[in-house]
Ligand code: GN1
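To begin, one chain is listed below as structure tokens, in the form predicted on its own.
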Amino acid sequence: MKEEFVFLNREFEFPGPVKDISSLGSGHIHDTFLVTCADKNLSKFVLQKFNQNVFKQPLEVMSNISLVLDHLNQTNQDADFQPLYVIKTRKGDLIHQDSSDTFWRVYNFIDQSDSFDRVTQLDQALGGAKAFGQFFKLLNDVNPSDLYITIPNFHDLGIRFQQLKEAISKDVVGKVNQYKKEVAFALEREQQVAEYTKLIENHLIPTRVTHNDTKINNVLFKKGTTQGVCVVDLDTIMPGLLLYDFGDMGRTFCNNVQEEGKAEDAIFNVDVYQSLCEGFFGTIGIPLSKPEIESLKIGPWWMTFIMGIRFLTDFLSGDVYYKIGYTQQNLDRARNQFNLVADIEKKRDELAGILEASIKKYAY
């Protein structure tokens, strides 16, 4: 075992000594590993090294996760539901802090499951949306004020836009003049940002417990099927608006390619959106007010644009937030999202009609 991981057997009570550790997943934030133990079952666990540049308060993050998982595991009656839980340290803590002040946590590994980085068939969108709908249904009676706000202003469109403008103004790595097209695309939508931000500032839209990262690969599916059995990657759970999670499903489920794909191939798939709405609104079972429904209509645009400007901001700031594998990766991600934004704008009325029809069908 590498020296970096020698603390595992000492700090966590595994069913056997650690036999193997390998990289796992494709997340942008944490370093994630699959831990295999040398017991008779070759038990597996998920180990994560916290990215403290992103999550400044790991203990608050873990408090939120523990509260939500305890509630989900107690209330979910689905026979196929696979519980996710935190493996506590030998001291009973939710997370381990090593001598270099690095934080580590361990989850159970959900075996016999599949994950998808991109929707390639309509049943995947339907199953993933049902899983998130069930997630919200079960958490609807949790008081959002019981959770910490672990990333202030995470999906605040106005603040994210201001951060982009500051990055453009400072131009710390001298890239602004080279990429005027991308900068112009973002700045041309300043009025739209103001209008949409005003729409949700009327205090008529309820604050809920939100996941805040509802990508398709944050649902685990029963092996060989498109039935969701577990929602994962809970770091960003905190008080928020439903439009964030519905919008991020639209952004990630309906993009014909992943964030890393060619910008010209980033098209908003209407058929996938139809399946998404069917699965989500057919499952969530929560009364939605007219203002909240109106906010959901702008959700896919909101979340796609906000991710586009975040990628562009990071690129112009020297790539300090997201992991990158090559020099222009954040720029490519921004271009991808901006192309998707443009397509959402073209299809705005069609998408609004699909949403309204789905909500009407389920009498919200």
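Predicted, not measured: the structure shown is a model, and the values here were computed from it. Residues carry their position along the shown sequence, with the first being 1.
The same protein has a further form, the form predicted in complex with the named molecule, not shown here; the description that follows concerns it.
Enquirer: Quick check for you: of 147 to 155, 264 to 272, 280 to 288, 120 to 128, which stretch puts a non-hydrogen atom within 4.5 Å of the named molecule in the predicted bound form?
Expert: Looking at the partner contacts, the answer comes out as 147 to 155.
Enquirer: Looking at the named molecule in the predicted bound form, do all three of L199, T210 and D245 come within 4.5 Å of it through at least one heavy atom?
Expert: Result no, not one residue of the spot touches the named molecule.
Enquirer: At 4.5 Å between heavy atoms, is K215 in contact with the named molecule in the predicted bound form?
Expert: Flag for K215 set to yes.
Enquirer: Is I29 close to the named molecule in the predicted bound form, meaning a heavy atom pair under 4.5 Å apart or at it?
Expert: Yes - in the predicted bound form, heavy atoms of I29 and the named molecule come within 4.5 Å of each other.
Enquirer: Verify the contact flag for V54: yes if a non-hydrogen atom of it lies within 4.5 Å of a non-hydrogen atom of the named molecule in the predicted bound form, no if not.
Expert: V54: contacts the named molecule in the predicted bound form.
Enquirer: Heavy atoms within 4.5 Å of the named molecule in the predicted bound form: does I298 have any?
Expert: I298 lies outside the contact set for the named molecule.
Enquirer: Identify, from the list L331, M307, M62, V68, the residue with a heavy atom within 4.5 Å of the named molecule in the predicted bound form.
Expert: Among L331, M307, M62, V68, a heavy atom within 4.5 Å of the named molecule in the predicted bound form occurs only for M307.
Enquirer: Note that the named molecule is not shown here; using its position in the predicted bound form, name the residues of 234 to 258 with a heavy atom within 4.5 Å of it, in sequence order.
Expert: Heavy-atom contacts within 4.5 Å come from T236, D248, R251.
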